[in-house]
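The chain that follows stands alone, in the form predicted alone, written as structure tokens.
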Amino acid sequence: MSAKFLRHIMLVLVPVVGAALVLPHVYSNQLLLFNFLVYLVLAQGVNVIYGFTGYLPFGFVGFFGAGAYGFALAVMHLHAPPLVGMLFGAAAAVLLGVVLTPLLRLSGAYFAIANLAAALAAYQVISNPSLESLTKGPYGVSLSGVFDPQLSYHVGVLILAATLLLVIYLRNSRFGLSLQAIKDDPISASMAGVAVVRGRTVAWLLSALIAGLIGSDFAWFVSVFYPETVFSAEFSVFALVFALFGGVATVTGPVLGVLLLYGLYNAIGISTPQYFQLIYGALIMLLVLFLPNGLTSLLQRRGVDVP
């Protein structure tokens, strides 16, 4: 393990995970804290596929919803304990990722549109009334028998720690460098001996696994939800905006994006809800216009090695 790898762990993973463990003891709104966890994990999942390979996943929420419903189906029909149900949720998201692997042949806007369409198709299947006996259709599921916000929150912290560790590995490994080479110029990377298709596929499935795990944990935490809840485009849009705002292909960028933007989102929503969309939308537009590479680019321009 290199000194740089350990430095990134100490500078990012330890403080973020430490704060996530301590905050429930000093702040009572556990739902808000859990939502921060969800977006921290989702933003890093977007970071893995977009930051390291350049694929913009507008339908990223499809993996999140697949994870939630994989968990719900295992609990409802197999009476699986929550931790086992999460394995089913993660497997459902990865399976969806495998099915959608041919989308990686597309690029740019074509990939983004096809990915979004796939997520909408998954939503339509889950919410189909004719599948009520299996998925409960549009009527939603109730998993009150496994409701345990304390344990599910701490499992969410573990998922966050594992996700940060994965991104730190990508930042400091030959595999991560090969992914960034693919992102910059796939033809040159291929000529240099990089396995382009394999690299893209692994990153794609890793991002699906991350979203599936936190999606299944979300289902466990809330225990009662509807298809439109876990397939809401809000999850994709927010995760993308937070990752882009902070700066992708770094560990710190998505963390900063979530803490600043989602914190601001809640602050404006509470203090001045009548101007919420105007202020928040204008702020995001200005930041994307003047800082297209995210906040971390300010430090990188000055030669600072941002974790």
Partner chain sequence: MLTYSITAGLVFGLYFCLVGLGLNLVFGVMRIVNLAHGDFLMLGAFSAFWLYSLLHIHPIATVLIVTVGFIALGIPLYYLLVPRLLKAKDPEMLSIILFFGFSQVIEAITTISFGPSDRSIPGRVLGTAPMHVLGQSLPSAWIVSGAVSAVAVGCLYLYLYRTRLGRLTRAVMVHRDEALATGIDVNRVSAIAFGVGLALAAVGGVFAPFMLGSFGPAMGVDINIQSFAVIVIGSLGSPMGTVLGGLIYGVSEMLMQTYFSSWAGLLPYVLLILILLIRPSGLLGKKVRSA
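Residue numbers count along the first chain shown, from 1. Small disclaimer: the values here were computed from a predicted structure and weren't measured.
Although not depicted, the form predicted in complex with the partner chain is the subject of the following passage.
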Is residue 280 one of the residues lying within 4.5 Å of the partner chain in the predicted complex, judged by heavy atom distances?
yes
Considering only heavy atoms, tell me if residue 112 and the partner chain come within 4.5 Å of each other in the predicted complex.
yes
Does any heavy atom of residue 58 come within 4.5 Å of a heavy atom of the partner chain in the predicted complex?
yes
Contact test in the predicted complex: residue 107 vs the partner chain, heavy atoms, 4.5 Å
yes
Looking at heavy atoms inside 4.5 Å, which stretch does the partner chain contact in the predicted complex, given the options 218-226, 82-90, 167-175, 120-128?
120-128
With the partner omitted here, the residue among 11, 285, 23, 299 that in the predicted complex has a heavy atom within 4.5 Å of the partner chain is 285
Full three-residue contact with the partner chain in the predicted complex, heavy atom 4.5 Å, for 102, 116 and 184:
yes
Could you run down 207-238 and flag each residue that has a heavy atom within 4.5 Å of the partner chain in the predicted complex?
237
Sense of CA distance change between residue 260 and residue 288 in the predicted complex, threshold 3 Å
farther
